[in-house]
Every structure is written in C-alpha cells, then in structure tokens.
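Just the one chain here, laid out as structure tokens, in the form predicted on its own.
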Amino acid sequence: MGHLLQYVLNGLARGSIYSLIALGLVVIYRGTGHLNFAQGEMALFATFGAWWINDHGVPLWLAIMIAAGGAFVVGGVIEFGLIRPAGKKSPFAVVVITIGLFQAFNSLSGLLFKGAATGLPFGTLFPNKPTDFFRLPGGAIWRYEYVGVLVTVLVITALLFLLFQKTKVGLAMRMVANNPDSAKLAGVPTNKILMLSWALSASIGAIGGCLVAGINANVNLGTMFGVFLLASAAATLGGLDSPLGAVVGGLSLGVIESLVTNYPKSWWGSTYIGADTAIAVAFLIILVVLLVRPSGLFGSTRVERV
C-alpha cells in the first residue's frame, strides 16, 4: 500500500507540470479557438531567459516573474504580428505558423544561450534538500518541492476560474472563442481579447517551464518537448475549453504514467506494461475517453443548428 501511495504522489508531482502547460493551451483555445503548437518552446525560451537573469545576480523568484512578464509581452506581439494577419486569411495558416514558431524558439534558444544543448543548472523556488519532505502513513514521502508545484498549479487554476467566470474580460474571451462575429456586434474588443489570450498563455507557460527546470535541476533544448506532448494530451482529455479539465487531465495523466512505469514485474502482463509503454498506455486511455466523449471529460459540447 505504501508503494502504491508513493507512485501516486510521484505521479501527481509530474502531472502538476502537465496541468500547468495544459492550462496555457486552454487559455488560448478558450480565447481564440486555436491550438498553439509552440507553447512548449515559448515556455522553454522564457525559462532560458529566467536562467540568464538569475545568472546575473537577480533572485530566482524575481527572475521568473520578469521572464513571465517578458513572455506576456512576446505572446501579445506574436498574436498581433503573426497570428492575427494569418488567421484572417486561413485558420490552417495559424497551425503552420505555430509549428514554425516551435522550431524558431528552439533554435533561438540554442543560438543565444551557450550550453543550452547540454543543459544549464536551474534552481528551484521550493525547499529541495534531501530532508525536505514529510512522511505519510505507510511510509510514503511527499517532497516539499512537489507540494509547492501542486499548490502553484491549483492557485493559478483558481485565478483562471475567477477570470473566466467572474469578470467581464473572461466572459469576453469566451464570447470571442465561441463566435467572433457575434462578439464584435456585442461591442467586444476582439483584437484586444485575442492579444490578451496569447499573452496570458505565454506567461503561464513561462512559469510552467521554470517549474519543470527546477524539478529537473537544469534546462536544455529538449526539456519541454515531452512535457508539451503530454500536456496537449492532458488538455484534450480534460477538455480544451476547461481549466479544471486541464488540471484533472494533467494530474490523471501523471498518475497513470507513474503507475504504468512502476507496474510490478510479477504481475500478469508485465512483459508488455512498463516504463517503455507508459506513454502509449496513457494515450490509449485518452483515446477510449474521447471515443465516448469527444469534448473531453469537462469540455463543453457545442450544439449547432442545421
């Protein structure tokens, strides 16, 4: 029982990261109706920026805040200068541009930050000494660092919930995503809302990237690739328009990955289930869920008049 609880706790720690990156995807989709395939690499570039600022003597927490602020500006500029003009001509053009941005930010990170390919040391915002944990019944331990990451995700989720449900800006973001033309007729400043969605998503991604680097104790060019894939799956599983779904999907995916990775060798099927198949099993579960509920676990189902 103690081992099972430990695997679940480890999965929650990893799943927290998936949830945070998935939240960035949900913000853009909920505000614009688009998917940002460059979300992970934008977060990576901001993380390298935080490392550079911290390396020049700025406290890590402040360096992360500055990097998140910079990502906010860059996200808005990208929407204004690239996404908006392309989206007016073809929705598919936005997909191509985000894929191009994926490669551009990864290459730019390697070009600007010496040692990015092999990895650069990155600190953490939370206590991470060997003794920084508390023990649970059954012998399982939960590190303070993992608890801090999970709490950060929950706080950001709560703030996004308040934004979407309790503010005029959040309502406008939902209106623009559902029907941009009707939103314009209702007096919603759609251009500003679209820019805000990209800016907010980039800022959330920057925080997520820094948390990933903190847990790994370094940041390199491949840090965010696998995280982004699983975060995308988490957002799809939970529902692309649901912040709560992004969190539940990310945490669930992290736990599933941990349990499959640590599948007992003495159990039936251990030849086919293990660390090498963890991601495949997770995606198989997602596939089954989407076949039953295409909008995801918490996503809203759109009804169209025909």
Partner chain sequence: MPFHIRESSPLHWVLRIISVSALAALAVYIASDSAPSTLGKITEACTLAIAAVSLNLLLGFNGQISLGHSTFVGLAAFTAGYSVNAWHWNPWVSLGVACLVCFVLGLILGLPALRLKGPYLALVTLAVAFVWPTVARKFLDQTVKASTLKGMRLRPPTWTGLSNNRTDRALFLFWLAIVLLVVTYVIVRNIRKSRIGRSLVAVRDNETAAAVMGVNLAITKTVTFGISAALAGVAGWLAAAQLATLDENSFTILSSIKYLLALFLGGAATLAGPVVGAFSYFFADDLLKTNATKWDFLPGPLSKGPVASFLLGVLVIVFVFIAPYGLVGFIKLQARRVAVVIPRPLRAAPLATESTEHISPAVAGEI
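Note that the structure is a prediction, hence the values are computed from the model and not measured. Positions refer to the first chain, counted from 1.
Note that the form predicted together with its partner chain isn't included here; everything after this is about it.
K.L.:
Among 194 to 202, 211 to 219, 154 to 162, 96 to 104, mark the stretch whose residues have heavy atoms within 4.5 Å of its partner chain in the predicted bound form.
P.N.:
Heavy atoms within 4.5 Å of its partner chain in the predicted bound form occur in 96 to 104.
K.L.:
Its partner chain is absent from this chain, but in the predicted bound form, do L82, P85 and L290 each have a non-hydrogen atom within 4.5 Å of it?
P.N.:
The answer is yes; L82, P85 and L290 each reach its partner chain.
K.L.:
Residue-level contact is defined here as any heavy atom of the residue lying within 4.5 Å of its partner chain in the predicted bound form; does Y263 satisfy this criterion?
P.N.:
Taking the distances in the predicted bound form, the answer for Y263 is no, it never comes within 4.5 Å of its partner chain.
K.L.:
With a cut-off of 4.5 Å between heavy atoms, is T124 one of the residues that contacts its partner chain in the predicted bound form?
P.N.:
Outside the cut-off, so no.
K.L.:
Quick one: does G296 come within 4.5 Å of its partner chain in the predicted bound form, counting heavy atoms only?
P.N.:
Yes, G296 is a contact residue.
K.L.:
Report whether the minimum heavy atom distance between N128 and its partner chain in the predicted bound form is within 4.5 Å.
P.N.:
No, N128 stays farther than 4.5 Å from its partner chain in the predicted bound form.
K.L.:
Taking its partner chain in the predicted bound form as the reference, which of I279, L244, V255, A63 has a non-hydrogen atom within 4.5 Å?
P.N.:
That would be I279.
K.L.:
Just to be sure I understand the contacts: of L120, V147, V74, A233, which is the one whose heavy atoms reach within 4.5 angstroms of its partner chain in the predicted bound form?
P.N.:
Looking at L120, V147, V74, A233 one by one, just A233 meets the 4.5 Å heavy-atom criterion.
K.L.:
Can you tell me which residues in 24 to 47 come within 4.5 angstroms of its partner chain in the predicted bound form, by heavy atoms?
P.N.:
Contacting residues: Y29, L35, F37.
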